[in-house]
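Presented below, as structure tokens, is a lone chain in the form predicted on its own.
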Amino acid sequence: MLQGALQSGAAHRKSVFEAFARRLPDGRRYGIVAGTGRLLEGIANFRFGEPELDYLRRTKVVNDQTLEYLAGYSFSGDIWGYPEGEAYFPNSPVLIVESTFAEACILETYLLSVLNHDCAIASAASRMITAAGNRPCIEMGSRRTHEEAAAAAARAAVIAGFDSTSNLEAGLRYGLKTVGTAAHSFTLLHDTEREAFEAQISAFGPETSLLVDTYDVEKAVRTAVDLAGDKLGAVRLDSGDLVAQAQWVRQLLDELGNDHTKIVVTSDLDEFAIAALQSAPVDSYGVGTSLVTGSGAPTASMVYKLVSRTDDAGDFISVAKAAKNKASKGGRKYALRRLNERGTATQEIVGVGHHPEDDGNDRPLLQQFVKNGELLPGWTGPEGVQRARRRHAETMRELPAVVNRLQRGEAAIPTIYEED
């Protein structure tokens, strides 16, 4: 595409690209934006070095004119979008890239890779947090996905309300709270379960969390309390009927004087399993496989479309795809969320070519992240994660019908276009 546009002379036309999802996964009523901070960091450093240029030259992927352009590539345009942690709906203009066609075109695969992965994880995480209520969720999915995706998934999960992660790389990169428990192999390493518990308590203190379902759960709980006393931090259950087991383990702990010892449950949890555990005396949830695979929706189905570009006279014209079932809406978009007097969201208004009029209660959605190629502060790093986490909590309060229960059906609020 770049080589062809350079050949035709259109590569340097000013262009507006938009990333959006045409639809939500089946049974979902909203999505959550995540990945933008990671993407912005990547775009700031997006360059073609000698190894990349040599490969393209050697394999004759592109011609010399294109290689010369790529050798000097750096993004110099503007980027707008919904802040991370914000809810989105079908056709929400989640990210808007304004630059030359050449600059924006090169970013397509990278941009969609990040947004499709991270938005899918954050959307699943948000549903799990909704189901969990006030009980914290721990991200534990690193062993169920690619090593780089693992750190990204942890970041997306925390943005959507997860309390912490077991991924130390994510803790290092993004300033996330990290926690963890021992695996069954630690117990099996020792000659007896008692010796394993003694070793863990000696290393980490009685406030540690002990895994109690390697052999006999009741015996393990009694051993744990015998060794750690009433200071025992938590016990973890990872198998069996978690609802029934949590109930009698809670009763046993209370009978032994450990009413402050918490119960952590793991074992292939998703939002529906977490909802089923609402009646059980569980204190926190460790979630792995289902989270890092998007809980049945491993991609957010984001697309990246050219919606406006200049003509030979330098005037912007709207452009759109007209293919059946995949039509797009041309024109630069401006979005706000319509709120009623109680602060409840009722509509998402998208102005095509103009800013929708604010009726006094509404909230503008698009923020500028990059200006003339310069990354604006506050959207990346640990600061960006915490800002996004707050945004998620605020946007969920605007959607009470979403957070009350795991509803199936149409999008929580409609997207309304206002034409120019």
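Residue indices: 1-based, along the sequence shown. Treat the numbers as computed from the prediction; the structure is a model and nothing was measured.
The same protein has a further form, the form predicted together with a further copy of the same chain, not shown here; the description that follows concerns it.
- Taking the partner from elsewhere, G257 is found to have every heavy atom lying beyond 4.5 Å of a further copy of the same chain in the predicted complex.
- Interface membership of P51, defined by any non-hydrogen atom within 4.5 Å of a further copy of the same chain in the predicted complex, is confirmed.
- Contact check for Q3: a non-hydrogen atom falls within 4.5 Å of a further copy of the same chain in the predicted complex.
- Proximity of V221 to a further copy of the same chain in the predicted complex: non-hydrogen atoms within 4.5 Å are absent; the residue sits far from the partner.
- Of the stretches 106-114, 124-132, 337-345, 273-281, only 106-114 has residues with a heavy atom within 4.5 Å of a further copy of the same chain in the predicted complex.
- The candidate spot formed by R23, V61 and L188 lies fully in contact with a further copy of the same chain in the predicted complex, as each residue has a heavy atom within 4.5 Å of it.
- For the partner-free chain shown, L168, E169, G171, L172, L176, T178, T181, A182, A183, H184, S185, F186, L188, L189, H190 of 161-190 come within 4.5 angstroms of a further copy of the same chain in the predicted complex, judged by any non-hydrogen atom.
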